[in-house]
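For reference, the chain that follows is the form predicted on its own, supplied as structure tokens.
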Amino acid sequence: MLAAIGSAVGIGNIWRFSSVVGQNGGGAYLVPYLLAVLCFAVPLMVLEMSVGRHLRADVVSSFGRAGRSFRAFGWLISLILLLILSYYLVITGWTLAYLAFSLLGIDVAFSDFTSSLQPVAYFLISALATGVVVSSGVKRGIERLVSVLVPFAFLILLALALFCLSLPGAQTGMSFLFRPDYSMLLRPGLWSAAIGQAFFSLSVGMGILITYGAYLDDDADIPKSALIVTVSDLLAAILAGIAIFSLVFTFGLPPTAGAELAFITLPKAFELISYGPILGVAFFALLFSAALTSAVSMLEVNVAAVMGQTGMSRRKASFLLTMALIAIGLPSALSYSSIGLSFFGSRILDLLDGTVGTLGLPIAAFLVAMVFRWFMDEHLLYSQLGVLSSWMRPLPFLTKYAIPTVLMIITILSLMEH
């Protein structure tokens, strides 16, 4: 459970959520976001957990059980996840670097940081740390990590939110976050952004929850587990929003900034505030904790798949995949360094995020919904869920018809934008 929460609560909850809220009219965004989470993300999460526990297999083997030709889809999802992880670890490295700077009391501008080779070094440290945790196993590695870092992250979030509510701009920030401008709901882009963020934030459709579902006890209540993960994820996003928008409106910062908000504007705000250095350490410790637990879950999907398909030991699979991650991720790390590696004027990291990150996730989620609802035994869900409670009764219809349709629309819209 903690591993699934750790996977869901990543840096996307903290700066990406606040950035998307800022770009889409504040509180108005919360309406379609909550609907997207409850109507689309949660049912798909229940489906993935059910498939994982029913089959007790890695993502490639799970697809193979639906049909031999579907194994390729399992490998495709693993590849998409590996590519996303390759640049996600670069950003994880940034959070580790700024945690180190905060602890040492060093003021380093983001432009100075990325005009050196330090981002490459911190990327390597983050990749190796992720590999070490996964190589240690589910019990000794992943569970030990999340049992410490997930509660730690929530304690920091709560402390940051409570402190930031005492700032002079907190009331304006709360109005921006919780008072919707209903006219914004007529914008199609708002709904598309909300649905995309719901899937991204809860780590659904990536094979992560199929992999973790395989480790669930037989007596675990899957709908209840999915609800706990979802509530934890929403709580993290709202607490982060409270802290960030209180800071943003106290210091007149732009609420629409993304990575810039975390590494440029907020550090400046911390310099001007009481207990700023302590807040800076807490904030970057939170970011690094959230990033690391998500990175571990992404690598676990690939390690489990390689182990399941080749019979390779966990340590060997972890080592080989960590080396592959470093090789694939180096261009992204170098694109935000003194080398400034780019392709047709775009940094490699931005290019991967705009293609694989934007298009890969809805495609992966579409494949999960289609294969496991259209090509597997219809009774699979019921064998794992028993009698559906009233709030879960729409789940079969949503997972079979509504979710694939919505994901297809999102993918087409994303392709049209590109």
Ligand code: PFF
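Residue positions are given as counts along the sequence shown, with the first one as 1. In this text the structure is predicted, and so the values were computed from the model without any measurement.
Beyond the structure shown, there is the form predicted in complex with 4-fluoro-L-phenylalanine (PFF), which is absent from this document and is the topic of what follows.
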query = Since the chain is shown here on its own, which stretch among 104 to 112, 179 to 187, 236 to 244, 196 to 204 would lie within 4.5 Å of 4-fluoro-L-phenylalanine (PFF) in the predicted bound form, judged by heavy atoms?
reply = 196 to 204
ask   = Of these, 11, 21, 407, 398, which has a heavy atom no more than 4.5 Å from 4-fluoro-L-phenylalanine (PFF) in the predicted bound form?
value = 11
ask   = Tell me, which of 86, 78, 294, 335 has a heavy atom within 4.5 angstroms of 4-fluoro-L-phenylalanine (PFF) in the predicted bound form?
value = 294
Every residue of 7, 208 and 298 near 4-fluoro-L-phenylalanine (PFF) in the predicted bound form, heavy atom within 4.5 Å = yes
